[in-house]
Structure formats: structure tokens, C-alpha cells
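Heads up, the chain below is alone and in the form predicted alone; it's given as C-alpha cells.
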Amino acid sequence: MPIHEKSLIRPENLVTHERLVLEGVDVSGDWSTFIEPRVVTDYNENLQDEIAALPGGEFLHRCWQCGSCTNACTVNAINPDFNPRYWIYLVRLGMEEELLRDKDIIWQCVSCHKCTYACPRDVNPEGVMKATAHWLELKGLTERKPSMLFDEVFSEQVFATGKIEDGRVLRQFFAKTGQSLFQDWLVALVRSFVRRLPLGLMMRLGFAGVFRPRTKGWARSSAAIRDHVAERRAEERRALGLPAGGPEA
């Protein structure tokens, strides 16, 4: 993959001189810039295989670095540092250290799928971004984001009851993230509901919040879903060479 990446030249390794004269010749300015040598100390030759083993990363090997994904990216239009093409490039080269420099913005993918539609090689860049974010999570290389906690609360309620009760989801999410339940926007929303929703519907919503209804015959489905999730997580951890179990298992 003979592609020169200017991004790999770290700013802290550039040596410039505002004023420099050598043997009577003024060599001030950027044209005389020197780059300090560096050594990649944590090259991961298995990085591509690890991310390809996760959901969404299966076709990572097809990428030919045309840049269509980044050109179509909704987030890149706002934040130029969000660069799917560049990250796929790093993954394929095994440059884990460079990839980790952007670990806090890889999560910004909004799953608009514009990159996927634009990709001429069916790489599924959106899936690769999700697989990369999941890889960071499994490796313990990123903190547990609020979005991750919300997904856990939402999924657990589906697994347990086969239904979604929005009030319970919000309460549990706020509890996990240390947020107050009495936020101005939420209070205003509830007041609006109280004024506009029919009394019968309000009573059913209240009943659902207190008694936590379940989908009929859900026990067997719940057990099957939990078994599948556990098996999938175990497979993913094995693919990454991680021990069984873990906080997310």
C-alpha cells in the first residue's frame, strides 16, 4: 500500500527555524524543515485480522484507498480529523499507535451510511468504523462512553421483557451516568405530555412504568438471545486473543 501519509508526520517531530543563516545563505522558514526520526514500537501485525473478525469489519481487506468514504462522510464535513480512509489505512498497516491517537473521535460516526453507498469496493466503511470502535472497547483502550451505557440499558430491557418502556430506560440511563432525573428539558416534556395526552393513555404509561409488562411467552426468547450474545462475545474475545469473560461479557 504505497501511499504517503502526511498525517503520519507528527507536528512535535518537526524542526523549523524562524531565523537561520548557513554560510551566508538565509534558510529560514518552512522549506528548511527537518523531521526527527521516529520508531514504531508497538506495530500490531494482527490488527487487520482482529478488526476484520468483528461485525462490520469483514470486508476491510477490499479497500484500495480511493477516499470515497471520507469524501462522502457527514462528520468529516464538520470535523476534518474524522477520516475513515486514513484509519482503514492505519489498520491495514498494523499501525496501532497511530490509530490510538484518534481513539476519542472514531466514536463520532453517526451511521448515515453515505460512505457505504459511495464505496466502489463494498468495504462497508461504516461497519469498519463500528468494528474499530468495538475493538477499542474490547481492548480496554477507551473509556465507557454515555452512548455505550445507553445501549446497555436499552438492550437489557429488551432482553428481559421484550418491550421498551421509555421512562425506565431514561431513569436507568441517568442513574448510570450520574445525571439528575429532573432536567429542564425532561420536566418540560413531561408537562407537555400531561397536558396533551388522553387520560387513558397516561394511565397505561404509568402502569407500564410500575409493573414492567413482558411480551407473552418471552422467557424462552430471552434465554436464546442471551445465549447468542454470550457466544458472540466469547468468539470476539477469542479472535482478539483476550481471556474469556470481561466486563462487557
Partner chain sequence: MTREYKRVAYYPGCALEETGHAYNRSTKEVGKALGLELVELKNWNCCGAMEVKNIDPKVETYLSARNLAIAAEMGFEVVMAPCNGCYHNLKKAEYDLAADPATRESVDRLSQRAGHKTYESGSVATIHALDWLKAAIGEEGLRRRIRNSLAGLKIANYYGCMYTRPRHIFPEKDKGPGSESTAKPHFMDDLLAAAGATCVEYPLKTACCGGAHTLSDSDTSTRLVLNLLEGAEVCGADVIATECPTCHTGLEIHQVRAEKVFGRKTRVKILYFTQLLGMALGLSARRVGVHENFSDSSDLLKARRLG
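Residue numbers count along the first chain shown, from 1. None of these values were measured; they are calculated from a predicted model. Throughout, rigid core stands for the largest set of C-alpha atoms superposing within 1.5 Å between the two forms.
In what follows, reference is made to the form predicted in complex with the partner chain, a form of this protein that is not presented.
S.K.: Quick one: is F193 in contact with the partner chain in the predicted complex, heavy atoms, 4.5 Å cut-off?
M.R.: Yes, contact at 4.5 Å.
S.K.: Taking 4.5 angstroms as the cut-off for heavy atoms, does L100 touch the partner chain in the predicted complex?
M.R.: Heavy-atom contact with the partner chain at 4.5 Å: absent for L100.
S.K.: State yes or no: in the predicted complex, is some non-hydrogen atom of D184 no more than 4.5 angstroms from a non-hydrogen atom of the partner chain?
M.R.: D184: contacts the partner chain in the predicted complex.
S.K.: Under a 4.5 Å heavy atom criterion, is T74 part of the interface with the partner chain in the predicted complex?
M.R.: Yes - in the predicted complex, heavy atoms of T74 and the partner chain come within 4.5 Å of each other.
S.K.: Would you give me the residues of 220-242 that have any heavy atom within 4.5 Å of the partner chain in the predicted complex, in order from first to last?
M.R.: Stretch hits, in order: R220, S221, A224, I225, D227, H228, V229, E231, R232, R233.
S.K.: Verify the C-alpha shift of Q183 between this form and the one not shown: is it 2 Å or more after superposing the core?
M.R.: The answer is yes, as the C-alpha of Q183 shifts between this form and the one not shown by 2 Å or more after core alignment.
S.K.: My question is whether A219 is one of the residues whose C-alpha shifts by 2 Å or more between this form and the one not shown, given a fit on the rigid core.
M.R.: Shift at A219: below 2 Å after core fit.
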